[in-house]
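As a starting point, one isolated chain is supplied in structure tokens, in the form predicted alone.
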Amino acid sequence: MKFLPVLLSAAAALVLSSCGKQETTSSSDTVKIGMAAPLTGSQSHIGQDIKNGTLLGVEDLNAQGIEIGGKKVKFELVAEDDEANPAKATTVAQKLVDAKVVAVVGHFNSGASIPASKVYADAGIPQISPGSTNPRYTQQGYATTFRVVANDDQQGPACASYAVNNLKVKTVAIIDDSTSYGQGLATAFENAVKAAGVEVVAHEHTTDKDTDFAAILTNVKGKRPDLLFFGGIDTQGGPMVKQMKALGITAKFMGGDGIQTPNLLALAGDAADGVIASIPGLPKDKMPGGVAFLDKFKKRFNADVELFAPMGYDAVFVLAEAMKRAGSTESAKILAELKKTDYKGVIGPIQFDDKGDLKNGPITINLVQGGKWQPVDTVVPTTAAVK
């Protein structure tokens, strides 16, 4: 028993020594970045593409051993599935807030980003969308909303300019999918072509779940438009193009970024040849960091880039750069620095205006030729007006 105090003292010293050792070799502080997109359902191929691009950004940051405020940090991606559903998007947004993320990359759909943005704004958490193009997203007065793509007030006129100046169309029919994205893009396109003196012979509405367009297309066929413009996603655009061909509709088919995917080619088959679509940004292989990114993405995920993966990747680095400048991972301090962003990313230079929109974002017009998307024209917002 006389040795008990000595043994207890030794044990205590060992415990203290172990604790001290654990503290000196503790892992880096973890910084959580949220990501939200449709990871299930008909648009999951686009959501997964964004998730992979964002994940690649997080992995590359961790490989660099980033220090913020003199302290090494480890980034963690917290990904959530919003199912391209506005109601689910707000639930997902609150879940990310509760998970203590410092910022969010998302959402893809404007119809998801717009309602979710209030949740992030109330929590003071920065949100950078890699793909939401409806102008209303950044026009709500929230200081927390940003995007790294051109919006539809720029994309719609760019499509209209190409239709009028290059395709020389005189009459157009329009179909939208009744979502915030589809309606916003279709309206911007319609306003621009009307201003150029083009006659809009029909404006029809479907949903982002429909795949049978026989009734709508039969009505459009009777109007004999030079061009059919679709505001929607590839999962509807592909079947629509195929059904147009089956009905003998000879009008050219045009859409926005939602259809400018490899998936549309698979869904439309041979009918895809001649389809025209815009996409915010330069052609991917012409982006400053495009070739290297495409190669790295392919090696990491054994898949080609679908749509907005480069934007998700750059959004992560824009956030990290803001943290480094702030010397902090606090959302409020990150937010203050985001407004000063001047970053050279994979997609090119990234700066934000006072609303959080990307400054001078280029828009590329693509044409399907020989079963492949081929860039045919690139414009910037200042030159996108219809002549």
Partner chain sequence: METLLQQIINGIVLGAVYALVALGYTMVYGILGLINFAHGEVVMVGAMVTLAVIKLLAGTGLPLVVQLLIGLAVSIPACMALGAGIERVAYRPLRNAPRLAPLITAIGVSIILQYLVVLVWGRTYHPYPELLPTTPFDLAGARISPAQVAIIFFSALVMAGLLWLVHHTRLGRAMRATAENPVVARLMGVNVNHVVTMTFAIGSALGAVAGVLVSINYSVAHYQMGFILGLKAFTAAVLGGIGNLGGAMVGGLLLGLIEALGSGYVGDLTGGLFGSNYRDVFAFLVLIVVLIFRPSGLLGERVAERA
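In this text, all values refer to a predicted model and were calculated from it rather than measured experimentally. Positions refer to the first chain, counted from 1. In this text, rigid core is short for the largest set of C-alphas that superpose within 1.5 Å between two forms.
Not on display, but discussed next: the form predicted together with the partner chain.
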query: Heavy atom of residue 141 within 4.5 Å of the partner chain in the predicted bound form; finding: no
query: Any non-hydrogen atom of residue 252 within 4.5 angstroms of the partner chain in the predicted bound form; finding: no
query: The partner chain contact in the predicted bound form: residue 87, any heavy atom under 4.5 Å; finding: no
query: Residue 300: touches the partner chain in the predicted bound form, heavy atom cutoff 4.5 angstroms; finding: no
query: Contact check for 204, 218 and 243 against the partner chain in the predicted bound form, heavy atom at 4.5 Å; finding: yes
query: Partner-contacting position among 199, 210, 76, 304 - heavy atom within 4.5 Å of the partner chain in the predicted bound form; finding: 210
query: Contact residue in the predicted bound form, chosen from 266, 292, 99, 195 - any heavy atom within 4.5 Å of the partner chain; finding: 266
query: Candidate stretches 234 to 242, 283 to 291, 90 to 98, 118 to 126, one within 4.5 Å of the partner chain in the predicted bound form by heavy atom; finding: 234 to 242
query: Threshold 2 Å Cα movement between this form and the one not shown at residue 234, rigid core reference; finding: yes
query: Displaced residue check between this form and the one not shown: residue 223, CA, 2 Å or over, core reference; finding: yes
query: Flag for residue 141, CA shift 2 Å or larger between this form and the one not shown after aligning core; finding: no
